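Below you'll find only one chain, the form predicted on its own, shown as structure tokens.
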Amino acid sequence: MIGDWIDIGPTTQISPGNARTLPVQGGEEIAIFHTLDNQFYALVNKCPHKHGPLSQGIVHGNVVTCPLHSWNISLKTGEALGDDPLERGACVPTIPIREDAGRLYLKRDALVSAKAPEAMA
């Protein structure tokens, strides 16, 4: 697919319940998640708390748990889901992703504009 979307490979490269990373020249590394209900999500690969690698976290439902301090991040919105005051309002940029004919595509302009927020105390 040419134009607004970048082909990043077949859906089969990420097994359900797992994630893979995609380096972005001039931008933030992206984590691509495949949930057990066969949905795909893309987020900047940095937890808003201490920049833990979300791709190494545990995927459960439409949530990933950061491997460093167990913050739960919504794969749909990028928002931190906990009750801790530090978590309220914390967010990871999401990247539009789509599946077509067994291939995954990321929105081109979102890749260069995606930047992770500074780490929280």
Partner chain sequence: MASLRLFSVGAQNLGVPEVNAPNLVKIPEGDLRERLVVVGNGMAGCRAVEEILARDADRFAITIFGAEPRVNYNRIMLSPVLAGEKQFDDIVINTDEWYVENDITLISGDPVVAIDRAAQTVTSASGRIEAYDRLLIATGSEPFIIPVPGKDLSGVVSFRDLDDVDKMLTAAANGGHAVVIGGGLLGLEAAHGLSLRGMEVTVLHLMPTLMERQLDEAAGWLLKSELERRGQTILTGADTAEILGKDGKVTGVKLKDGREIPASIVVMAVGIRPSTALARQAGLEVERGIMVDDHMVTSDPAVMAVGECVQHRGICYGLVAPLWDMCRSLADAAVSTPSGYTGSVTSTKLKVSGIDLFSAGDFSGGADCEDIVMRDAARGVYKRVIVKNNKLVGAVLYGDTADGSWYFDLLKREEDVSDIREALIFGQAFAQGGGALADPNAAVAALSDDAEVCGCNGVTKGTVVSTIKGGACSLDAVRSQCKASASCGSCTGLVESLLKLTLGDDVKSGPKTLCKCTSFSHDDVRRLIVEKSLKAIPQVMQELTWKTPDGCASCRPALNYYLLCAWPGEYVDDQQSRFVNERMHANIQKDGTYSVVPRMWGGVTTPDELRAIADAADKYQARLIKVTGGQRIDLFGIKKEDLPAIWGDLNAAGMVSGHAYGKSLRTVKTCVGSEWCRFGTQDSTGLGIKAEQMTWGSWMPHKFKIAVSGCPRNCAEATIKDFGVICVDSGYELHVGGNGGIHVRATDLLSKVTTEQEALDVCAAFIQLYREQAWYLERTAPWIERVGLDYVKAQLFDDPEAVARLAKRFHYSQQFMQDDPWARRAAGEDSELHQHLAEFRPFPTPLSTAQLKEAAE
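Here the structure is a predicted model, which is why all the values come from computation and not from measurement. Numbering follows the first chain given and starts at 1.
Absent from the display: the form predicted together with the partner chain. The rest refers to it.
Among residues of the shown chain, Pro53 is one whose heavy atoms approach the partner chain to within 4.5 Å in the model of the complex. Within 4.5 Å of some heavy atom of the partner chain in the model of the complex lies at least one heavy atom of Ile32. Under a 4.5 angstroms non-hydrogen atom cutoff, the partner chain in the model of the complex has Gly61 among its neighbouring residues. Within 4.5 Å of some heavy atom of the partner chain in the model of the complex lies at least one heavy atom of Leu36.
Of all the residues from 63-83, those having a non-hydrogen atom no more than 4.5 Å from the partner chain in the model of the complex are Thr65, Pro67, Leu68, Ser74, Lys76, Leu81.
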